[in-house]
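Here you get one chain, nothing else, as structure tokens; it is the form predicted on its own.
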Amino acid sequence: MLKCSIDALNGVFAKIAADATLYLPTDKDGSTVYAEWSEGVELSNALNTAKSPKDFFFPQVEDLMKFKVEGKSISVDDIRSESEDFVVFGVRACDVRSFDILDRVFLVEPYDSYYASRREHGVIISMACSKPAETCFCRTFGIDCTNPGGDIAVWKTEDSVYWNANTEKGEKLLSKLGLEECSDDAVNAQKEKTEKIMSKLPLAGLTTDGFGGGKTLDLFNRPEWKSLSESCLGCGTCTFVCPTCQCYDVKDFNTGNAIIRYRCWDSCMYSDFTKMAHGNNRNSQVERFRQRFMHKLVYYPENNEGIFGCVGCGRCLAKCPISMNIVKVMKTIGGNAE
């Protein structure tokens, strides 16, 4: 275990930024977002960012390739550039788990080279939670917010920041920072306090007992899907703040002298999602609503060793304009008590 004082933290950030671009949560215009660190950029004390750090590895919009058409001749330009080394600081345990979920989508054959390059060049410095919110339910999915994982885990107290490497990438970075060795007594004390808070949160008793692989026939035709979906606006807010959603569309844009092919995030909650010449295979709101939550709670775990497609970060609870979210679905469909 290594540590630095709170007052020395900006100096540590400067050392990290000397070799790689450093991003961290900062407060801007009433919200908490990731921003590139430079002198004067302050680390936010907020529990979590409005959008997840998924964007660093799976951007909301990214160009894939360029086409040029001259008569019957078509040339294809590979417009990718090698990813630069970067570090993302302050990632919470729920968001760290989301990378494992995304890896299982983008790093299986045929793997996504765009995503893989960013994962290779990125270093994740996580931060343990000490003041979880009432919307948090990461423990439902077996996530320990006091041991957040990542390449390096960090615990922040009132006067010090404690660091511990979890991977070779993390050890390599820590070796350059000149931090002092210390005991883990302060970290263990913080963990105990956080665990007590977690056990008293409103969603502490939420379980996945009614969900998982093999539950499709039991849950697919449940009548509650209709009543749950009636208030849904289909706005897609939940999918865009979700750290684990991975749906995207691929589109072409005519620049006048070339065609840029790009991909952008999409949402299974939209009526034109996967729409082709024949139409859409999910024409009603109830079908689209059911698809979102069945994928998180049944389809994904069925194909991924029981791992659920939700990490309990609580963003959808905080951001949904009509307060319809995965927790209400789990309580209604899965029989969780209020």
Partner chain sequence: MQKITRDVLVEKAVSLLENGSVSCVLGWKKGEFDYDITPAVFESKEELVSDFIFDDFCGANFSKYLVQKTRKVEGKILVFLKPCDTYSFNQLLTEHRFDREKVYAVGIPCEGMVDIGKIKAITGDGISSIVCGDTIKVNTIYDESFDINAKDVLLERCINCKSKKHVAYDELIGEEGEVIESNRFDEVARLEAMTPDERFAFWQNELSKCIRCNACRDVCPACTCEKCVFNNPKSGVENKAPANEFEEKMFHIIRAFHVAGRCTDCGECSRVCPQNIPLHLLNRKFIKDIDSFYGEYQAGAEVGSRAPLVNYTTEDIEPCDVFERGND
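Since we're looking at a predicted model, the values are computed, not measured. Numbering follows the first chain given and starts at 1.
Another form, the form predicted together with its partner chain, is not on view; read the next lines as being about it.
Handout entry: Answer range among 180-188, 158-166, 141-149, 197-205 for contact with its partner chain, defined in the predicted complex as heavy atoms within 4.5 Å
Key = After filtering at 4.5 Å, what remains is 197-205.
Exercise for the section: Name the residue from Glu42, Glu36, Glu305, Asp272 that puts a heavy atom within 4.5 Å of its partner chain in the predicted complex. Expected result: So the residue touching its partner chain in the predicted complex, by this definition, is Asp272.
Practice task
Only one of Leu102, Leu174, Cys235, Ala116 comes within 4.5 Å of its partner chain in the predicted complex by heavy atoms, so just point that one out.
Solution key: Contact residue from the list: Cys235.
Problem - Interface membership of Lys131, its partner chain in the predicted complex, 4.5 Å heavy atom rule - result: Residue-level check for Lys131: yes, a contact with its partner chain.
Practice task
Flag Ala20 as yes or no: does it have a non-hydrogen atom within 4.5 angstroms of any non-hydrogen atom of its partner chain in the predicted complex?
Solution key: No, Ala20 is distant from the partner.
Practice task
Determine whether any heavy atom of Lys251 comes within 4.5 Å of a heavy atom of its partner chain in the predicted complex, and answer yes or no.
Solution key: Lys251 belongs to the contact set for its partner chain.
Practice task
State yes or no: in the predicted complex, is some non-hydrogen atom of Leu107 no more than 4.5 angstroms from a non-hydrogen atom of its partner chain?
Solution key: Taking the distances in the predicted complex, the answer for Leu107 is no, it never comes within 4.5 Å of its partner chain.
Practice task
Could you list the residues in 315-331 that come within 4.5 Å of its partner chain in the predicted complex, counting only heavy atoms and keeping sequence order?
Solution key: Sequence-ordered list: Leu317, Lys319, Pro321, Ile322, Ser323, Met324, Val327, Lys328, Lys331.
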